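Only one chain is given next, in structure tokens, and it is the form predicted alone.
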């Protein structure tokens, strides 16, 4: 027998499945093709190599960050939970590295263009404590995931399946929400500090995403048109609006003001 919460979850899942089925029926162009067919277009192939390279380095960096954050964990249970999440991120990295090699790209070369931007983002947003680390992982990773999911809708079927698979939540979302809400309940003053921190993360994450896209011609072409039934400039603006709206909802889940 379903509880009210379970019923809502089931309804939401059904809605999502229906939306996915409808999207599948209406896909055209490259989004309706498989990889061998789509890869015949050199610009599209270069865009996918860029995309997988950026994702792969992001997953590797997430693994390193979670392993580092585990050192700040207040309990052994928390430390073990973060270690498990770090392991899941590394598995995602391995999947992406394997796919890059499979399509004839050198994984290290594909990741290299994104190292400076991602490392710079992490340097500028180094958490000062355990709670800031949780908020960063939840907010920062979710913004990146939203961005990649938007792009995935325009990818060939094989690449889209891989991208969506490696964006699966490793459990950090519910873990972060539980711990942050408990901390705010114990000391409401924590909420203001973490809300400011999350707003800073949002700004830095969006700026970093825009810089990465602007620096890579094939990737920017995919987004603004010309490849993969691409977005036009107006659609790029709407995409970032959707990402901002999702961020606001996540902040509410944390008990923080956006």
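All figures in this text were calculated on a predicted structure; none of them were measured in a lab. Positions refer to the first chain, counted from 1.
Below: the form predicted together with a further copy of the same chain, not depicted.
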Query raised in the report: So which of 86, 137, 166, 144 gets a non-hydrogen atom within 4.5 Å of a further copy of the same chain in the predicted complex?
Result: 86
Report task. Check each of 126, 116, 186, 76 and return the one that places a heavy atom within 4.5 angstroms of a further copy of the same chain in the predicted complex. Result -> 76
Query raised in the report: Okay, which stretch from 65-73, 195-203, 214-222, 33-41 lines a further copy of the same chain in the predicted complex, with non-hydrogen atoms inside 4.5 Å?
Result: 65-73
Report task. Decide whether residue 96 counts as a contact residue for a further copy of the same chain in the predicted complex under a heavy atom distance cut-off of 4.5 Å. Result -> no
Query - residue 111: touches a further copy of the same chain in the predicted complex, heavy atom cutoff 4.5 angstroms - result: yes
**Report entry** Contact label in the predicted complex: residue 91 to a further copy of the same chain, heavy atom within 4.5 Å
**Finding:** yes
Query raised in the report: in the predicted complex, does residue 80 have a heavy atom within 4.5 Å of a further copy of the same chain?
Result: yes
Requested in this report: Taking a further copy of the same chain as it sits in the predicted complex, which residues of 29-61 have a non-hydrogen atom within 4.5 Å of it? Please list them.
Outcome: 57, 60
